[in-house]
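In the form predicted on its own, a lone chain appears below as structure tokens.
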């Protein structure tokens, strides 16, 4: 996620009247900020694939979408820490601009924005740049006419699509969690999946579908599996992975772009729930996210259902599990991770 300095740096060229205020613009990796108050709010179409932030944008009155479409006279891009994601976003942003359209990018110095600026200047060319608020802001313009996407941008765009995860058969893309290999916690949890797992299953924080595919492969009595994931791009890759790696079970899978911390939709209770909850939002560790996942599982599982989850050893989830479930067993402890099996939910939980 961006900090306030990062976002305010993006507005500097307009505040200094170096650039005119566009009638309409998109904002990639958008976040709500008072920097967009005034005339900006009604002019922006905000792209945010991370559901909690997308929900905050909508609540704050912005037009928010998971994926941009159409053409715009101007675009803004907030850069992240992922170089491949930034390259792909800049290339995609270029393609969303009308001929002659303006593109403004900003990123924190600590996340490599200076290097990204130099690369864009070398490969495409810049109009100008600013450095303030410990961030770099640079801008460029798409040429007039219907010129094709420059070859370098084509390469950046392709590299930002889902890529093979080693030789596993899975695909994932930069910007999603653990795109280069299966997360060790998820791999440990997969080893603990019982062949007897059956009925309706939910995968909370499903990512690009690693655990769901493993469950489908190992547990033939699963009749349905619902994947809940906050990152829209990861959920799309999960659909691809299940279609390729568990095609015989693909029809029983469903996909929900969902902030699990906000709770799950009201559906029939699950027989099993599996999860490797995140514990960071941006760069900040927050064990409350895992506790919210436990609460969501408790509310959505049948009375004698089973909840199998993995967490880093240092995270204090045992008390919350025991508050929600009558039986909590430590199934495995290895590699800095712990796997719990919780069952027989309590009917009531004190606030």
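Residue numbers count along the first chain shown, from 1. Since the model is a prediction, treat every value here as computed from it, not as a measurement.
Keep in mind the form predicted together with a small molecule is missing from the figure; the text below concerns it.
> Though the small molecule is not shown, can you say which of 231, 117, 271, 85 has a heavy atom within 4.5 Å of it in the model of the complex?
If I apply the 4.5 Å criterion carefully, the residue I get is 231.
> Note which of 99, 194, 278, 199 lies within 4.5 Å of the small molecule in the model of the complex, where distance is taken over heavy atoms; exactly one does.
Among 99, 194, 278, 199, a heavy atom within 4.5 Å of the small molecule in the model of the complex occurs only for 278.
> Taking 4.5 angstroms as the cut-off for heavy atoms, does residue 171 touch the small molecule in the model of the complex?
Although the small molecule is absent here, residue 171 would stay clear of it in the model of the complex, with no heavy atoms inside 4.5 Å.
> Verify the contact flag for residue 261: yes if a non-hydrogen atom of it lies within 4.5 Å of a non-hydrogen atom of the small molecule in the model of the complex, no if not.
Yes, contact at 4.5 Å.
> Check residue 26 for me: does it contact the small molecule in the model of the complex (non-hydrogen atoms, 4.5 angstroms)?
Because no heavy atom of residue 26 falls inside 4.5 Å of the small molecule in the model of the complex, the answer is no.
> Hey, in the model of the complex, is residue 107 touching the small molecule, heavy atoms inside 4.5 Å?
Contact check for residue 107: no, nothing within 4.5 Å of the small molecule in the model of the complex.
> Of the listed stretches (72-80, 252-260, 156-164, 123-131), which one has a non-hydrogen atom within 4.5 Å of the small molecule in the model of the complex?
Selected range: 252-260.
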